[in-house]
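Consider the single chain below, provided in structure tokens and representing the form predicted on its own.
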Amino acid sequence: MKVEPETLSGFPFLTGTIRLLVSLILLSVFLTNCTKEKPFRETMFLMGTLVEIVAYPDSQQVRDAVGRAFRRMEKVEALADLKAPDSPLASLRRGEDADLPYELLQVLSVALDVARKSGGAFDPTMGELVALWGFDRNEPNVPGSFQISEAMGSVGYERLSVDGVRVRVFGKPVWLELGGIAKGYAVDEAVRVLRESGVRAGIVNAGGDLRAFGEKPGGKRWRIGVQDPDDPQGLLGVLSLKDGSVATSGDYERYFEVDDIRYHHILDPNTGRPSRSGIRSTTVVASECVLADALATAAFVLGPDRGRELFEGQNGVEGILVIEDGQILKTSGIGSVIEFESR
């Protein structure tokens, strides 16, 4: 996704944090110039990316609300930290059952639901594979076939069951990887805090996973540019939203190259390697960011036809899929239920 005048979007990590910082600065300038009523804007580095909250109008009440929203996101980040030795997720990694806090249960519930609906194309138990490829610490490498085969032994959402707050593990230990989807949940929680604090309208943008609510001054909708995977400065089109979430998964977001081969971060649970489904990017529009996040990844792995079928089968979900040959597939509601201007 890309920012243009009166357009709000997030830049995922392509060349690192600097590019996202530049885009967020541009976003601030555009929003300032687009309306006489000034919003309050604040940016923080959270969950491995830059997060910007824009809220209307600029007042002390709104500023206090934005502070509370960021603190809520910090709490979600701390809970989802797999490296913390006292994390309940670490117990699952040891093959032990664990009681999860409410927030993680909410995230895991969505993750398992999307895993089932996608036939495992999205799988929250990919943690060992993500670590093997080095994407969790920004030290990517190409592992050997034996290493991948060994790590695949810990993959399998079917080996998890939830009983109240208790999560049980069957068989081998499970390495949960909730980083991406937890970011979407944190965005949702920030919006909840803002709304409960009386903020009239705003948007929370976490490195491309974003959620908007309310109308900007003058009744204007939020305009979100869908990035062209082949042109970092280009747009495929612009979505117009009043309330809703947008998330994108693409092979241009985080990747490295070895011997002219691109290895991106979206791993296929069936192979343990970067997905080669024929898709360049998937953009999802949904009510909740946590759901949009998971569905975007699932559709990317499923491929063009099955990915679009997954979107069409979910109430209130629309999507855009960009194929390797440049073809663009859209769900039936794009252009009718959801306004979309092609470029």
Ligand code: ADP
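We number the residues from 1 along the sequence you see. Model, not experiment: these values are computed from the prediction.
One more form of this protein, predicted in complex with the named molecule, exists but is not displayed; see below.
Peer 1: Look up in the model of the complex whether V301 has a non-hydrogen atom within 4.5 angstroms of the named molecule, and give yes or no.
Peer 2: The answer is yes: V301 has a heavy atom within 4.5 Å of the named molecule.
Peer 1: Please determine whether W222 contacts the named molecule in the model of the complex, using a 4.5 Å cut-off between heavy atoms.
Peer 2: No, W222 stays farther than 4.5 Å from the named molecule in the model of the complex.
Peer 1: Although the named molecule is absent from this view, report whether G134 comes within 4.5 Å of it in the model of the complex, heavy atoms only.
Peer 2: G134: no, not in contact with the named molecule in the model of the complex.
Peer 1: Is there a heavy atom of G180 no more than 4.5 Å from a heavy atom of the named molecule in the model of the complex?
Peer 2: Heavy-atom contact with the named molecule at 4.5 Å: present for G180.
Peer 1: Which listed residue (D97, E253, D243, E103) meets the criterion of a heavy atom within 4.5 Å of the named molecule in the model of the complex?
Peer 2: None of the others qualify; the residue that does is E253.
Peer 1: Counting non-hydrogen atoms within 4.5 angstroms of the named molecule in the model of the complex, say which of M73, A80, A121, V167 makes the cut.
Peer 2: By the 4.5 Å heavy-atom cutoff, the listed residue in contact is A121.
Peer 1: Hey, with the named molecule in the model of the complex, do M126, S249 and I266 all fall inside the 4.5 Å heavy atom range?
Peer 2: Yes, because M126, S249 and I266 each have a heavy atom that approaches the named molecule to within 4.5 Å in the model of the complex.
Peer 1: Looking at 141 to 149, 86 to 94, 189 to 197, 258 to 266, which stretch has residues with any non-hydrogen atom within 4.5 Å of the named molecule in the model of the complex?
Peer 2: The contacting stretch here is 258 to 266.
Peer 1: Counting only heavy atoms, which residues in 288 to 325 are within 4.5 Å of the named molecule in the model of the complex?
Peer 2: Going through 288 to 325 in order - heavy atoms within 4.5 Å of the named molecule in the model of the complex - the hits are D293, T297, V301.
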